[in-house]
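Shown next as structure tokens: one chain only, the form predicted on its own.
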């Protein structure tokens, strides 16, 4: 009885999580122009229209560029901060860690408005660059937290052994520390890419003419729901899933090695 109840709860939980997404993907293959039952398909015409739409493809490229670039910078800065705070005794290190992680608790709307004021006063025109800066700001605390948590005594002992054998500080970092915390670095990078890829508020506030895919989807919503919009949403979902699967494969491969 308990086993059946457990399976029923599991099915209901996964259904609650994935049913809306599966519905969106299903009706992206709708043959008619209305994304409502009955299902009339399957048809790839809406994917053809989306991939042939210059605005959508440009927004897709912009999202990929911003997510990959901002995530790489956020992870690099997060690693440097984590290494410095984990390996060196600094005055007020607990306060520094708290200040680095604190932005996680701040609403994206507040962060976006603050960045809009600062960047505008600094004379920077709103563009993909300002969006990337915003995404670095929100992803840096997350990357720092993930990488810092992975730096334990095992890595520190290996670093000391490398120094005893004559390795320079740069060699210790690149040949010992980075390989040992590589799973955490990969996790921080792919999670940052996923968050940046889906992020709307900061991208909306800090962009003007060159917009990302979530902002393009928002503009498409003005004409109402359609299978074309479902196709765009399905592309976003599939890219996010691909990122998570790549991360899982990298971590699994690392563990087996």
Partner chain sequence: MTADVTLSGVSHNFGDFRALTGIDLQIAAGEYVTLLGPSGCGKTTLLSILGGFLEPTSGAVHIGGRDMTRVAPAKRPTTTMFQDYALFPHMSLHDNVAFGLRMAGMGKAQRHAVADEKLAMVGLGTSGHKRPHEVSGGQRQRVALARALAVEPDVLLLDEPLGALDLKLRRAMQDELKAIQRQVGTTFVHVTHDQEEAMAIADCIVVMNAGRIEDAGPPARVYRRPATLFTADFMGEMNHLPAKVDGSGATTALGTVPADGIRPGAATVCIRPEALSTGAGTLDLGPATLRDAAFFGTHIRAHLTPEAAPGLTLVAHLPPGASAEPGTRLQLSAEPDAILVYPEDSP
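Positions refer to the first chain, counted from 1. These numbers come from a predicted model, not from an experiment.
From this point on, the text means the form predicted in complex with the partner chain, which you will not see here.
Participant: Tell me, out of 118, 95, 161, 104, which residue has a non-hydrogen atom within 4.5 angstroms of the partner chain in the predicted bound form.
Facilitator: Spelling it out, the residue with a heavy atom inside the cut-off is 161.
Participant: So, 157, 167 and 175: all three within 4.5 Å of the partner chain in the predicted bound form by heavy atoms, or not?
Facilitator: Yes, the whole candidate spot contacts the partner chain.
Participant: Can you tell me which of 135-143, 107-115, 76-84, 176-184 lies within 4.5 Å of the partner chain in the predicted bound form, counting heavy atoms only?
Facilitator: Going by heavy atoms within 4.5 Å, the stretch is 176-184.
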